[in-house]
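What follows is a single chain, given as structure tokens, in the form predicted alone.
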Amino acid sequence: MSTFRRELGLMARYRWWILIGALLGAAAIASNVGLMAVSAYLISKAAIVTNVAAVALAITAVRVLAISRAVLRYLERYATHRATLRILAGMRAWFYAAIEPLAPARLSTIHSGDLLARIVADVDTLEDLYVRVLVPPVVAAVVTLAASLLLGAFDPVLGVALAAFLVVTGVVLPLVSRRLTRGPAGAVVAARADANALLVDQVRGVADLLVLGAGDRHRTRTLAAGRDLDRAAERLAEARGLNAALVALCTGLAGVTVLALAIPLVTGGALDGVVLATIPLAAMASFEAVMPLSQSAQLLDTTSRAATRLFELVDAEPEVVDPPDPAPPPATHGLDISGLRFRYGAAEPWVLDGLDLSIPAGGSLALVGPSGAGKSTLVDLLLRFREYREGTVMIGGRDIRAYRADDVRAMLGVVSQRVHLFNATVRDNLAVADAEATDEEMEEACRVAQLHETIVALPEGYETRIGEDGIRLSGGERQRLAIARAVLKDAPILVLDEATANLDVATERRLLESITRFMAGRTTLVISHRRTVADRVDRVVTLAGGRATEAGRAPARHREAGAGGA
């Protein structure tokens, strides 16, 4: 299916709004044509009559047409803008729903700036598809027919002449214009994406760029990208300017031509001289309908290029696909991993190579190993962010590939090394884990995470905004907020991936005491380099070379303390 047909498919649900907008636009221009024609007639007639009654009907018609033109133009703007806002809102929701299953595996290779450009700029570009690509041809067709018939009523030659100029302006010039702007239009979309990507890099990494003395170098790259975008936009503007000049020329020539054809009709007595001024003015007014068509042709390529970039992501196959007949969530939550092998690409080395692990329901295990051993990769596999091809990962006695990915994630409360916090209040960030949680439940979760006292000391307590990605919080506070989220989620399986890495010794000790009580009765996987954390579990396993080896059992006093806390 062509890109344009797919674009039309996205607009199908709004087809009545599109039709209403087109008809209102045509009616507004038709009113303007009528206004110009009747006004010219009124002026000419008024010059030769002495009785106002002779022009009373024309005066009334001018008033009616002037008012109707304004009302119809307002209604047309209202309909088209309302439809445009609905289309953009629906398209953003469609695009987000389409790319959500791609995260994070398929999106990890897409530059964040480029992804932002697709979500914002490319979707906004498709606004033009409705307002400036689909509606204008319909309006032009209706007005061309009506104006040609109007002049044809005076004389068929006048109608044919006007139709010829309208076709040249509305069909030939747009085709030429599209050919001239196809290259620059695509270059604008590509250059804009590159510039946005560099700007995102510069804004997000400004502190590091300054520290490393690379700010000027990166700024030079960004300015160069901006100049590339300006040059592409200038080429596009030149082509559009040339087209606008040609449209104006055709409009003037049409007026002169129909006037020249009408003069012999007046001198020959076939046409009343009082309507002579009506003909060229009505003809020139009708060009308002075909003027946007060149821009429509130009924007067709721009919107097509933007839509292609969106469809590139939408058409990508998710790495993890739900089974056609998913199993219901299990009643128990023991974790069994057998012969698990995974690598990121066919030519890449095995990250996990025959991993075997077993955690009984309610039991706990610590997984330790050097950086790059595959511990965080295992977490991604458990969360169904990535798909494994060999081995099994079982929860409740069934392979997790038999469950819906969302059902698997609902079983897991994960505190990962990569904590993302939203530019919102502390309360809003906690509500991500449970939107229905009460204030008391949030506060209790923060007490378990040893964070409650820190939050109440903030200027607005739980209503304090923490900035983009929690920039107003320290690394340890961000980590404890992530722990509070996991506690609030209250999932049957708890995964702690370096959950205390950013904490001082005293805070870590208090947190471990409270989190050990929370772990009781939950299947718990702890990933850590620190023995203080590993000692809180039933077993310790070392991961190296993609395989696990038993490293020992936690001291009995810690296991008993955890059981007693339950």
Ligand SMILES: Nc1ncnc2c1ncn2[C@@H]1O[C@H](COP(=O)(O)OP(=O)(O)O)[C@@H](O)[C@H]1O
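Owing to the predicted nature of the structure, the values given are computational and were not obtained by experimental measurement. Just count from 1 along the sequence shown to find any residue number.
One more form of this protein, predicted in complex with the ligand, exists but is not displayed; see below.
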Check your understanding: Taking 4.5 angstroms as the cut-off for heavy atoms, does residue 371 touch the ligand in the predicted complex?
Key -> yes
Point to revise | Contact test in the predicted complex: residue 377 vs the ligand, heavy atoms, 4.5 Å | key: yes
Exercise for review: Report yes if any heavy atom of residue 348 sits within 4.5 Å of a heavy atom of the ligand in the predicted complex; otherwise report no.
Suggested key: yes
Review point. Quick one: is residue 344 in contact with the ligand in the predicted complex, heavy atoms, 4.5 Å cut-off?
Key: yes
Exercise for review: Mind telling me which stretch in 272-280, 348-356, 208-216, 67-75 gets its heavy atoms within 4.5 Å of the ligand in the predicted complex?
Suggested key: 348-356
Revision key, fill the gap. Picking from 409, 178, 386, 309, the single residue whose non-hydrogen atoms come within 4.5 angstroms of the ligand in the predicted complex is 386
Study note, to complete from the structure: Among 332, 202, 338, 417, just one has a heavy atom within 4.5 Å of the ligand in the predicted complex, namely 417
